[in-house]
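First structure 1, then structure 2: two forms of the same chain, each alone, as structure tokens.
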Structure 1
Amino acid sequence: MGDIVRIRRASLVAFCAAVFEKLGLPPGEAADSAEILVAADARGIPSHGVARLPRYANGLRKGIMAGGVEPATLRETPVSLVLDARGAMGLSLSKKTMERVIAKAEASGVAFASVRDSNHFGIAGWYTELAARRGMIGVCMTNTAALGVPTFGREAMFGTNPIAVSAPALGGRLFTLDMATTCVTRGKVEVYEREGKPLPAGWAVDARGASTGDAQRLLEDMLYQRGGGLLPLGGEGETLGGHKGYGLAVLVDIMTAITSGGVFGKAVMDSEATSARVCHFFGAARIDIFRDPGEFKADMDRLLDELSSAVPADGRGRVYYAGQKEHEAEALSDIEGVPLAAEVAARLAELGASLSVELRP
């Protein structure tokens, strides 16, 4: 890994918010977008963090995405909502949509929403945790540009299509599963490309369907749809369950795009200027529709304690439950500052300078 710089979290959020405002976002939307992007880096997920800020800037400058856009309500019931985002920034829009879903669930027990014609929204687990911190089970999915190759295929037919679920335990502790349905995300491949490292075997295939470790070539091939792409969760073939990851990826397309009337499958395409228009899905369920919330959280606490105290394999330090690494990294970031690759920090500083916004380490 290259050099790392740490920036105080509040300073990094303020910098990103100021950049977004300079690019035309209303203050509230700029603040939301900055908070969500920085959360990814704070949790040790740089693939979805502030390294994407220049890409947002490019999209906003070219009018491919826009701030201050009010989504159109296509259909609404007491337990559901379908929105056309009309090209809005995905970050703040998704926060507001999940808040509407939570409000409906508070009244009705459960609620769901699907959204079409949106943009990249950061880490899916950020939205599920909004529900979990309100004593609910939260669900979130999004489709993405077609980057994933189906089992026995050689061309990308679906996105990395993440699924996230959060559930609360006692004392504010959360279980947060936030996973791509491909072996890795494109953002992870971008990290390897930036660091000049070969991809591990089993992550991706080239245009012939053969395993590839060339991150730069893979990114170019996926952008221009020359063939090749990321393998589904489980990897190549059926032996290790790659067909299951493939099925999950298609499920996300159904829940996000088919329910909202949006774009799905290989029709979801990136360009050199910006990320593809995508679709989202959000859900929330009150715990008391199943059982007493206190009893639920106590059992969750016991489950998480059992998992985190499991005996590790030889040569391994400890066993984690989903979300534990990220929450521990976030706590450390709040004390020591958010870690950024020096190259990313330099690019942010350059972007800020072009807008008269200073980035302060």
Structure 2
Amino acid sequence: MGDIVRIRRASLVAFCAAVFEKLGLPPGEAADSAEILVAADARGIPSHGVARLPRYANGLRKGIMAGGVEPATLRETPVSLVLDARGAMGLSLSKKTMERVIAKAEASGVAFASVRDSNHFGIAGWYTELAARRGMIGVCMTNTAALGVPTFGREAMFGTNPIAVSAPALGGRLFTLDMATTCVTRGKVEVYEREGKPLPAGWAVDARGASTGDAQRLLEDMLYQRGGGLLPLGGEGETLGGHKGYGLAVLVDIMTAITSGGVFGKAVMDSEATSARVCHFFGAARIDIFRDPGEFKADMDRLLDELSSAVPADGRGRVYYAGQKEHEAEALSDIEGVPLAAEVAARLAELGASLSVELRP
């Protein structure tokens, strides 16, 4: 880990929005995209934050992603919406789509959307929390470039395909599970490569399908599609449930790409410069289709209290519930500024300078 600098959240959002505008996004899309990107860093998920800004810039310059694109509606019912994003900016499009899903759920009780031919959308949990803050249960998934190897396989056949779900407790407290369905993402392997550390067993296999700890070789093999890749949640084989993580990853492909007629499985591929076109899934359900929302939230509070006050294992400080670490990190970021690796801040400042946008602390 290098040095960390902290930048005021509002400054960082303003910077990213200005960069996005310079790159051609309409002001509303630029603001939404900046807000969602910075939220990842604020929550302590830098792999999905502003470090990706240069990749978005490449995507916009090359026309892989574009501002001001109106998605085409492929199908719509009172409980569903299917969109062809036509290469729209994934972040702002996804916010608008989740807002449409929420509006449909307000009217119908529950609604879903699937979207094809979109782009990287940041952290899935941002969209599910949009629903949870409106008193709903939210769900979100996306497929991603194929880097994941099925149980007993050797070729990448699916992405890191995250699943997120949020549900509201009292006083704005949220349960937010936001998880890649592979053990780890490529970003984590890159960290080990930079630090020259061997990968823990269970994270990845090589081109023959054998467990590997060689981060550098793995990254090259994945880049040039020589075989090998990341193992599903649960690791190698079936002993720790790797076949379950594999099943969840495929489920994400079904819900995002097969419901929308998009690209799935091994055909989803990143380029060196930018991310692959991908497919998303969004859902929202009103609590009162099940139960009085006040009673639901009170029980949620009791559940989260019981979990976060559970007795820790010897040598461990605390037990967390899903989302708790991220929400604590976000509260700190709002006071002390959003943490960025100094080298990321330097790269941002450089990108900004090339567009006459200044990064203020």
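Numbers given to residues start at 1 and step along the sequence of structure 1. Quick caveat, the model's predicted, so the values are computed rather than measured. Basically, rigid core = biggest C-alpha set you can superpose within 1.5 Å across the two forms.
Structure 2, rather than structure 1, originates from the form predicted in complex with another copy of the chain.
Once the rigid core is overlaid between the two structures, residue 261 does not reach a Cα shift of 2 Å, moving by less than that. Here residue 201 counts as shifted, since its C-alpha moves by at least 2 Å between the two structures after the core is aligned.
Once both forms are fitted on their rigid core, the CA atom of residue 175 lies less than 2 Å apart between the two structures.
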